[in-house]
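First, one chain by itself in C-alpha cells, the form predicted on its own.
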C-alpha cells in the first residue's frame, strides 16, 4: 500500500506539512487540490481538501482574480486607489475616499491604536525611504540619518485622518498610507471567507509562510513548521492548527542587508525610524489573519520588554518571540502548542488571555 505524502516547500517563515491517507488507499481519502498564485510579492499556495475538482478549479479562478485586484488596488507604488489617496492627502483638503481602501483604513486605524502605534501604516514615506519593497538598496547602504530624523519629526499617525461620510482628509500632510504590514493578512481573511461561503470546509491559504487554515486534510491536522530565524531551511518548532486559525511570523531574515557588520531589515520601528532591534522573529496565532499580521509586526517592534503588554492590548493569546540571543519568549497557552525541534532556551511569560 502506498503512503501519499504532500510536503510543502520551505517558504520564508513556515513549512506546511500535510500527511493524509498513509494507512488507507487514496480512494478512501478525499483528495487535496493545490494551486499557486503570485501576489503581494510572494507565492500564495492554496490547498483545498474534500471538494470536487470542478469546485476546486472554480475557487482557484476566483482567488486568482481577487488577489490580482487586491495587489493592483492596495499597492502604493503603482497607479492605484491607495496611491490616489496618498496624493490627495498631501493637500489636507476633503476628498472622496476610494471605497476599496476605506475598510482597510478603518481597521488599520483600530489596530494601530491597539498597538500603541507600533504598527503604523501612516509612515509610508519612511517605509519608501528604506526601499525594502524596491531595488533601491541593492548596494546595502542605509538611508541618511538626517533624512530619517526629518521624517520622524513629522509624526504621521492614522489618527491624523478625519472621516466624514465618503469624505476623507488628513490634518497632517506627511501621512502616506502603506498597508504592507497587514494587507496580506486582510486579503487572506477575505479569501478564506469566500471559500467558506462557497461551502469549502478544509482549506489553507499560505502566503509566503503566513497562513490561515480551516478544517483538516483527511484524518490529520494541518501541521506547521516554524523556521529557525538563524538556520536556513531548518525547522525550529512544529504546531498543529486547531479548527480555524491563522499563523503569522515577522522575522528579520525575510528582507535585509548587512552594512558594516550590522543587519538592517524591513521591520521599521516608528519611534526611531530604523529597523527594530533585539528580536529575530515573532510568531502569532489568532483566528483573524488581519490581526495576526499586524500583531506580528507590532510585537516585533515592541521587543522583549513590551511584547506582552502590546499582545494583551491587541487581543492576542498565542505568541512566540525569539530574541536576538535565540531565547524563546512565550506565554503559557503558546507553550501548550509548540513542539521544539531544536535545542532552545525558553522563558515563560505570565498568561495573556
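Positions refer to the first chain, counted from 1. Keep in mind that this is a model prediction, so the values were computed, not measured.
Same protein, other form: the form predicted in complex with a small molecule, not shown, and the subject of what follows.
- Though the small molecule is absent from this view, in the model of the complex it lies within 4.5 Å of a heavy atom of just one residue from 217, 156, 187, 270, which is 270.
- Checking 107, 116, 97, 254 against the small molecule in the model of the complex, a heavy atom within 4.5 Å turns up for just one residue: 254.
- Here the chain stands by itself, but in the model of the complex one stretch of 86 to 94, 218 to 226, 141 to 149, 245 to 253, 245 to 253, has heavy atoms within 4.5 Å of the small molecule.
- Put simply, residue 297 is close to the small molecule in the model of the complex: some heavy atom of it is within 4.5 Å.
- When contacts are judged by a 4.5 Å heavy atom cut-off, residue 46 does not count as touching the small molecule in the model of the complex.
- The shortest heavy atom separation between residue 120 and the small molecule in the model of the complex is within 4.5 Å.
- For the chain shown alone, residue 172 is not a contact residue for the small molecule in the model of the complex, no non-hydrogen atom being within 4.5 angstroms.
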